[in-house]
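First, one chain by itself in structure tokens, the form predicted alone.
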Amino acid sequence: MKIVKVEAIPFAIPYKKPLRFASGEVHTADHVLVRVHTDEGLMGTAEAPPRPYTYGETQESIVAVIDKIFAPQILGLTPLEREAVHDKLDRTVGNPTAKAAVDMALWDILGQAAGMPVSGLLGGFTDRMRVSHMVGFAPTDEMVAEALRVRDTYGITTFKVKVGRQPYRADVDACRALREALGPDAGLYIDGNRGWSASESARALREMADLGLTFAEELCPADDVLGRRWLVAQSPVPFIADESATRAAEVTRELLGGSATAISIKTARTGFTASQRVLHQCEGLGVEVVMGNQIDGQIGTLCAVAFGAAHRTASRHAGELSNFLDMADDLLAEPLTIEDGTLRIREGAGLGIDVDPGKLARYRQDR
């Protein structure tokens, strides 16, 4: 079974409301559907979400690098030759979500060929994950109302709160209001997207010391090397590296350099193959991980839950698996459903991705 064709299809679906955070905001899911075809009729599917403010990729660049560089390099290889595929992809620097989508599409093919769910091939620890919901910038009363609605509608009890605004006390007040509204048993952690300085971050953490936060993520830039180490050394909770640790080598540098004490794993940027390397690296060092979200659509969310549920360590904490709820529509023929605060993997062979042809025709941007 050999790879005979790779498609990169740009599509755009609006959000019902924009997600705002310190490093940007998203109004439309202008993603890329990636399909890898084999000579035996199997087709693997994944999704690449461009995030120019984080990785420098755009929808146009993802399509171009797959069509002009990656596809010609991997045609004729088999889906089992993942190391050979990555050897060729890695000759091109950057482009993490484009590479990740190709990788996950190949795993989808392997699952179909084996007649097994990809989650089972990866580890098969459980069939579901608890869900964490991301609360973006808004007036405090709107943030509280959203969290309560999500809790009451979907049973979600863990919330990741975007912080990093100026002045920092606006975010402290918002987190305090969320804690008061959600009660002491709700999980609450913060993500600054590098919006604060190290000193502002330290003051904010001190003022939120009584809120029972579980994690703090990327409060200040990792490039502020000494300031970041100073901050992490005094953080009362595990400090997550996310956009500063997008590859295994960066994970090593952030952890051993004292700039992080936990890691966010995002299949949208490391696929399944590299995500396993990062996960095993963290397990060996005794570092906690969280399954992060690249503001994924439902296809990307299916990939994230498949990986997270496959592994004991990755499924320990609630995964960020609900951003698709804010999209006006999606490409899946059968939409995902969150029930009792959990999201299940799809049963059947592969990833269980069934794209609705009518929706794809409506939202694709190349025709």
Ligand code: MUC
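Sequential numbering from 1, following the sequence displayed. Here the structure is a predicted model, which is why all the values come from computation and not from measurement.
One more form of this protein, predicted together with the ligand, exists but is not displayed; see below.
A.B. asks: Tell me, please, which stretch of 328-336, 50-58, 303-311, 64-72 lies within 4.5 angstroms of the ligand in the predicted bound form when heavy atoms are compared?
C.D. replies: Checking each option against the 4.5 Å cut-off leaves 50-58.
A.B. asks: I'd like to know if K162 sits close to the ligand in the predicted bound form, meaning any non-hydrogen atom pair within 4.5 angstroms.
C.D. replies: Yes.
A.B. asks: Should V144 be counted as a contact of the ligand in the predicted bound form, where contact means heavy atoms within 4.5 Å?
C.D. replies: Because no heavy atom of V144 falls inside 4.5 Å of the ligand in the predicted bound form, the answer is no.
A.B. asks: Verify the contact flag for K99: yes if a non-hydrogen atom of it lies within 4.5 Å of a non-hydrogen atom of the ligand in the predicted bound form, no if not.
C.D. replies: Flag for K99 set to no.
A.B. asks: R228 versus the ligand, in the predicted bound form: is there a non-hydrogen atom within 4.5 Å?
C.D. replies: R228 lies outside the contact set for the ligand.
A.B. asks: Report whether all of N193, D242 and I295 sit within 4.5 Å of the ligand in the predicted bound form, measuring from non-hydrogen atoms.
C.D. replies: Yes, each of N193, D242 and I295 comes within 4.5 Å of the ligand in the predicted bound form.
A.B. asks: Select from the listed residues M208, L122, M134, V278 the one whose heavy atoms reach within 4.5 Å of the ligand in the predicted bound form.
C.D. replies: None of the other options qualify; the answer is M134.
A.B. asks: Of 312-341, which residues get within 4.5 Å of the ligand in the predicted bound form if you count heavy atoms?
C.D. replies: Heavy-atom contacts within 4.5 Å come from E320 alone.
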